[in-house]
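A single chain comes next, written as structure tokens; it is the form predicted on its own.
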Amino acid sequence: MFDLDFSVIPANSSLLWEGMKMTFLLTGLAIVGGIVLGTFLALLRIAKVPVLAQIAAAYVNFFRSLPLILVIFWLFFLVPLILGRPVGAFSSVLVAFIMFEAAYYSEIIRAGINSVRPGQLAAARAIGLTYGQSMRYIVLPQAFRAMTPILLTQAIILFQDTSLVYVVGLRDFLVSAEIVANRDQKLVEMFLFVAVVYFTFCFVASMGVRFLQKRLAT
């Protein structure tokens, strides 16, 4: 057990890097899509149209009450049955992550918007800006600046959650490492390496978020 051979890592660096690129791609696209959809949901929740606000609230509460892996299964197995054709692992997983993360980003963004003083919106409307222009140019920039550390923290959680794609066979970093581990019978070495990589990325990112929080506070 203690006769470890880590030479398997550089020998398979290209395969592992391809898997990491898939993890980065999925994380990046899910963050962008989640923030865009989350912003839309947040604006609906604070809208003065009760029906729209209730629909957005139902969406947020529904997805926040489900485990992510179940959403991945739904999109991967049920959608092709409904459409009558295969969707593809990457597309189904990406949609699942965007829909799931949007519920969490929505609450973060809504809190950020509510943290902006109401007088800012009133002043913008007083100088002739429409509601949409006031949100775009006055409220949202201030809100996003205040909630950037929380958004980044959620992004770190999302990066960790991408490892769940192994259930649909998408070859991300974890799945690539598992392939090498099973093929070369180096399970301990590979999964220790995976743990170190995930810990390093998340720890460094967490330190960056903490530094950013201090800068914003001053």
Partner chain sequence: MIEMKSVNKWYGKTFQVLKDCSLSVAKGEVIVVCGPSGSGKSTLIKTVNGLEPINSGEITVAGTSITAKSTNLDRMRSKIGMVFQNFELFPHMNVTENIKLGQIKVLGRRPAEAETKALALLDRVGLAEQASKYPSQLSGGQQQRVAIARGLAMEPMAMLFDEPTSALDPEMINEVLDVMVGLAKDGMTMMVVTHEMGFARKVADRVVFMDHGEIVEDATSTDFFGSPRSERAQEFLSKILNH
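Quantities reported herein were computed from a predicted structural model and do not represent experimental measurements. Numbering follows the first chain given and starts at 1.
Below, we turn to the form predicted together with the partner chain, even though it does not appear here.
The partner chain is not drawn, but in the model of the complex it has a heavy atom within 4.5 Å of residue 117. Contact annotation: residue 113 falls outside 4.5 Å of the partner chain in the model of the complex, judged by heavy atom distances. Proximity of residue 72 to the partner chain in the model of the complex falls outside the 4.5 Å heavy atom cutoff.
At a distance threshold of 4.5 angstroms between non-hydrogen atoms, residue 83 is out of contact with the partner chain in the model of the complex.
The stretch in contact with the partner chain in the model of the complex, judged by heavy atoms within 4.5 Å, is 119-127, chosen from 86-94, 100-108, 119-127, 73-81.
If you check the partner chain in the model of the complex, you find no heavy atom from any of 8, 10 and 14 within 4.5 Å.
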